[in-house]
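Quick setup: one chain, the form predicted alone, written in structure tokens, and binding and motion questions come after.
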């Protein structure tokens, strides 16, 4: 038996705008996703003498270990695609908060696809893996490739960008809202998207893309979910203000939330912010940009 290990990096959305629902039930999105140094660890072992998938979970966050977990479904999908009936043992060490808007589950699935493809001597091309990733979820395709990218369609159309080096504080309160609830709040807040989200959203995107390309920093970052979500999550709104008060250049909710990240100019200020938040019992971590150049 041979084992392969992979890191599954958390992402943040430096920009996220959401359009009207499509005919397939998904919303159109325009997003700039960026990998951070916060990661889960995936260990995959193939055993050709046994059968079935066994998933173990370790770490500080509890997750299901059956088909409800995208890791399990990713392994299942590769076995089905290659018509293999062998044993797969997977250990998932969770460090990324669950249901936080950080794509932890999607990144775990992408890491599983990469690990299994390596173990099996790379029978699937990058394009074939991307097809499987898209079946698993909108964010999985980005998490498969890593780095920084402009993501469109329902999130599965990836246009790679330069990967700026940033210092982050990522934090989360105990408040939780499901993705389905978040989209319902979004529909209600923006009137079923008839009036759009923010008039200056495109300007924010243009400034951000210029910054990634080496120009001046943007005036602000943008997430269409932030305004409706913070109205219903008082602890998360307070967290947002605390991170800003500790000197973050930008503070923004990631994905559909409720995690919040701050981008800092210095590691010293970021460290002070983390210490203050942790002293209040809030999950907070200092990290940097990471997750480039996966071996696929």
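Residue numbers count along the first chain shown, from 1. Keep in mind it's a predicted model, so treat the numbers as computed, not measured.
Another form, the form predicted together with a small molecule, is not on view; read the next lines as being about it.
**Q** Which one of these stretches, 120-128, 144-152, 161-169, 102-110, sits within 4.5 Å of the small molecule in the model of the complex when only heavy atoms are counted?
**A** This holds for exactly one stretch, 102-110.
**Q** Find the only residue in 32, 70, 44, 253 having a heavy atom within 4.5 Å of the small molecule in the model of the complex.
**A** Contact with the small molecule in the model of the complex is made by 70 alone.
**Q** Under a 4.5 angstroms heavy atom criterion, identify the one residue in 92, 221, 224, 75 near the small molecule in the model of the complex.
**A** Exactly one residue meets the criterion: 92.
**Q** Might residue 184 be said to contact the small molecule in the model of the complex, defining contact as any heavy atom within 4.5 Å?
**A** Flag for residue 184 set to no.
**Q** Contact between residue 64 and the small molecule in the model of the complex at 4.5 Å, heavy atoms?
**A** Yes, residue 64 sits close enough to the small molecule in the model of the complex that at least one of its heavy atoms falls within 4.5 Å.
**Q** Determine whether any heavy atom of residue 82 comes within 4.5 Å of a heavy atom of the small molecule in the model of the complex, and answer yes or no.
**A** Result no; residue 82 lies far from the small molecule in the model of the complex.
**Q** Can residue 98 be called a contact residue for the small molecule in the model of the complex at 4.5 Å between heavy atoms?
**A** Yes, residue 98 lies within 4.5 Å of the small molecule in the model of the complex.
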